[in-house]
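Only one chain is shown below, in structure tokens, and it's the form predicted alone.
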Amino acid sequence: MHREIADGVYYVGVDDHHTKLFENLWALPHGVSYNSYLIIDEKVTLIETVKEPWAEEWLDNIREIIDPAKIDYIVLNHMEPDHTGALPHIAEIAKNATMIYTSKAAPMQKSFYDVDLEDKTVEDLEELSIGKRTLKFVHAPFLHWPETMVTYLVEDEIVFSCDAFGSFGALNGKHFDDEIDMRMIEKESRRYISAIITSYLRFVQRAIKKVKELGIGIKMIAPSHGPIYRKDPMWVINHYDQWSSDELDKHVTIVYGSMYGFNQRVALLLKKELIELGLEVRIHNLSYTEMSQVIVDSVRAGVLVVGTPTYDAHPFPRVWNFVNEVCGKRFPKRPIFLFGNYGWGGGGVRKLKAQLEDSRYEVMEPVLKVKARPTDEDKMQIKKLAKVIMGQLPN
């Protein structure tokens, strides 16, 4: 279904309750929305499309308002297929439409779809009149691809923010922030930025600064996923600002793997010692916790502690996968401590240390290595490790 969000401006997006993993990686327990918007003016303008399997539902939403053949402009803020997958479908109908995107998006469109429509590339801050209204295009590179832009509807003061300020979670007819449980949105938007945009947090900061420096009014933020913010647009801006800032949180996160429970004993003993020192601790067994939640609790941790058993002379696979995420997503630098457990050989901790240091993370001493179950001497070393960790937390 469609919904009018401002005079002549309509939500025509869709909910996805079918996909289990966003990007085939991140769990979607509450589904996800693909938001698309239609502006009715002298020139009919479509802001983004939807993921291809939902093309017919999306087109039906548009047909409730206008014949899709009458669309003049298709604004593509971002070329990722969950934003553009239905482009070939609309191109077959709106044959006289012009695609609008950045110059870096043009070759992507050609390689992804190569639809037979006219196109127009827009410069940063370029404006386009669509009748009584004006669109301003604000380049936002690496949020989170290099071609991304944000579209601003000047007269209505609506920011169509693309992936910036997005959230997991289907909308189920409740499209606005004042209609939805914001506790769920806070959790799901933080999981979204942590899983999807951690590699580009500095670009979030740049984009927020750029928008503030433009001095534009913002009555509404309409992202490509999650609710539209009309009650308090600054809520999501301030939260994204906090979650992408350089200042880390004052908690310790322990992330570990364990095959037979020996390494888990080390993790739980360390947790106990840290709590007794008065520290806030978050802990995840990687065999059971969904990775995006581990990233949420790790990306801003003042101190990160990683524990692995040795598995075929290597780190435990799930721990190794997590450290690949730390390095690949370019987690902000902070003290990292390692502990490990082995039965007869070892090697897991050593290889994790080498990988982290190769990515220019500082691995702190002591690195704790425990053979099988922790002995009384090992327990004393865990106590000492907890005190060292306490000294490394930000003030």
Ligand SMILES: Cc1cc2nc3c(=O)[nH]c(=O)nc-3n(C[C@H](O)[C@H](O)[C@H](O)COP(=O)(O)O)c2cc1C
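Start at 1 with the first residue shown and count on from there. Everything numeric in this text was worked out from a predicted model, so none of it was measured.
There is another form of this protein, the form predicted in complex with this ligand, and it is not shown here; the text below is about that form.
Taking Tyr37, Phe337, Tyr34, Tyr342 one by one, only a single residue has any non-hydrogen atom within 4.5 Å of this ligand in the predicted bound form, and it is Tyr342.
Contact with this ligand in the predicted bound form, judged by any heavy atom within 4.5 Å, is made by just one of Ser298, Ser189, Thr102, Thr310: Thr310. With this ligand left out of view, the stretch that reaches within 4.5 Å of it through heavy atoms in the predicted bound form is, among 238 to 246, 140 to 148, 106 to 114, 251 to 259, 251 to 259.
Contact check for Pro332: every heavy atom lies farther than 4.5 Å from this ligand in the predicted bound form.
This ligand is not shown here, and in the predicted bound form it never comes within 4.5 Å of any heavy atom of Thr289. The shortest heavy atom separation between Gln264 and this ligand in the predicted bound form is within 4.5 Å. When contacts are judged by a 4.5 Å heavy atom cut-off, Gly346 counts as touching this ligand in the predicted bound form.
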